[in-house]
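A lone chain, given as structure tokens: the form predicted alone.
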Amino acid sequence: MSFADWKIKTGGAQTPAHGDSRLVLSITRMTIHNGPGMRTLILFKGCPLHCIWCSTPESQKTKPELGVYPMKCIRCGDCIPVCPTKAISLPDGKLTVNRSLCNVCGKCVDVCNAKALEIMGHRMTITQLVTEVKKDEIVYKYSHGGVTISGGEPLFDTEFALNLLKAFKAEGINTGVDTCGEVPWKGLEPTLLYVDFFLWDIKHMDPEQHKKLTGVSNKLILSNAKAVAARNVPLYIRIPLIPGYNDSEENIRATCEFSRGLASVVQVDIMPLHHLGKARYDSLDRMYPIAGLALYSDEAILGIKHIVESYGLKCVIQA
């Protein structure tokens, strides 16, 4: 659901107080790769990690951002006069935004019929989110699905996440949390009563390498995973496979050893590199840090899958 669509649906309602709301990137219905059954996926902004392979760079910051898509621009120029900071221009017919001037007010988005401009992140309350998710209740009933909150990091604001999960549970909705695990335990622990499963990323087993690749050590991530498993909350371990960064046999085996030691692990998902996020970097005028990395062959992916399965773990390839 885009910012423009949300404004139409809500009538451009007044921005709610932040304690009862969070910036939402998107709501995607009937997904099948984010937990069991068909699910509604909510992506939030804000993440404590900055993985060099992140495919959703717009989810990292905790403020709205302007996405710019010059290929969609029809050069009507309607956005230029409404910009209060004079940040938009069309040099040589190419849509250009001076980000040092842009205040992300959204006025240009409101007049852009070609959707060449987009606000990434719109604030929604718990009530609004529950209302949206309940529209899919019939889908959950027949597919044994539910809602999965993701991001960014859905537990970045643990108080908001706790209240949101409570609200979903009060409606009888199955809840999944797709997390990087870099969350203070005192904030994570109260949510466990309202979470049916976690999708838990393990990006590297070596703490120093993890810090180089994501900006933080993996110490808290791994200790939290152990603590959650000890509470018998189902865990789906997820391994992003990035050539030359975390796909060595040594690291894959270390991840499998760790996963095998977690009593509540349901399966291990391996997620091979794709370059679908490059367009998002372009829309934010950011450099794509892993351009040029070759994609995996089917044979290589199956080889890693066989290693995981050799540890007695169920393994699923997530395309």
Partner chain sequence: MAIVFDKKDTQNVGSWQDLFVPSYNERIKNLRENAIRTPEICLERLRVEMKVYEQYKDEPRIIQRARFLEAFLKEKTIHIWDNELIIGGINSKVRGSTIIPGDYSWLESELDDPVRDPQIRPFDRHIIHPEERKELREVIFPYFKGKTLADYNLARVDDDLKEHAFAGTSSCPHIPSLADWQMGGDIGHQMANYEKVLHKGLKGIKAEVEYYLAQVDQPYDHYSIKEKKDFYKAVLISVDAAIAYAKRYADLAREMAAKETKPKRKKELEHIAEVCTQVPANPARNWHEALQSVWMLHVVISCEMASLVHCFGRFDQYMYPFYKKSVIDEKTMNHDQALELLECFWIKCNGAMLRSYEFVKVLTGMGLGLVLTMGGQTRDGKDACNDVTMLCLETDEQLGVLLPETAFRMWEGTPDKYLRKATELVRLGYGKPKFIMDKKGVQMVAKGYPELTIEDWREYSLLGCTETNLPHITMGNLYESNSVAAKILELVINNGKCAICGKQIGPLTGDPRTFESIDGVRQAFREQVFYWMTYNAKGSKTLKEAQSAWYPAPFSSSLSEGPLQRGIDVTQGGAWFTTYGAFIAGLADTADSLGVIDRLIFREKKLTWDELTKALKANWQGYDNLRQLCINGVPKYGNDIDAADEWAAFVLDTWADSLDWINTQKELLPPWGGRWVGAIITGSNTVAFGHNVGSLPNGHIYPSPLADTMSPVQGMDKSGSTAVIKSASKLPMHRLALGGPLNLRLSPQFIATERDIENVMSFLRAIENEGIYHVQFNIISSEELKKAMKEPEKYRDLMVRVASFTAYFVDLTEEQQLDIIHRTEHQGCC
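Numbering follows the first chain given and starts at 1. What you see is a predicted model, and the numbers here were worked out from it, not measured in a lab.
One more form of this protein should be noted, the form predicted together with the partner chain, which is absent from this view; the next part is about it.
Candidate site formed by 62, 96 and 285: none of these residues places a non-hydrogen atom within 4.5 angstroms of the partner chain in the model of the complex. This chain is drawn without the partner chain; in the model of the complex, the residue among 30, 52, 254, 262 with a heavy atom within 4.5 Å of it is 30. Interface residue among 86, 141, 186, 231 relative to the partner chain in the model of the complex, by the heavy atom within 4.5 Å criterion: 141. Taking non-hydrogen atoms only, residue 310 never approaches the partner chain to within 4.5 angstroms in the model of the complex.
Residue contact check for residue 136: one or more of its heavy atoms lie within 4.5 Å of the partner chain in the model of the complex.
In the model of the complex, no heavy atom of residue 100 sits within 4.5 Å of the partner chain. Although the partner is absent from this view, residue 277 contacts the partner chain in the model of the complex, with a non-hydrogen atom inside 4.5 angstroms. Contacts between stretch 74 to 102 and the partner chain, counted in the model of the complex as any heavy atom lying within 4.5 Å, involve 74, 76, 78, listed in sequence order.
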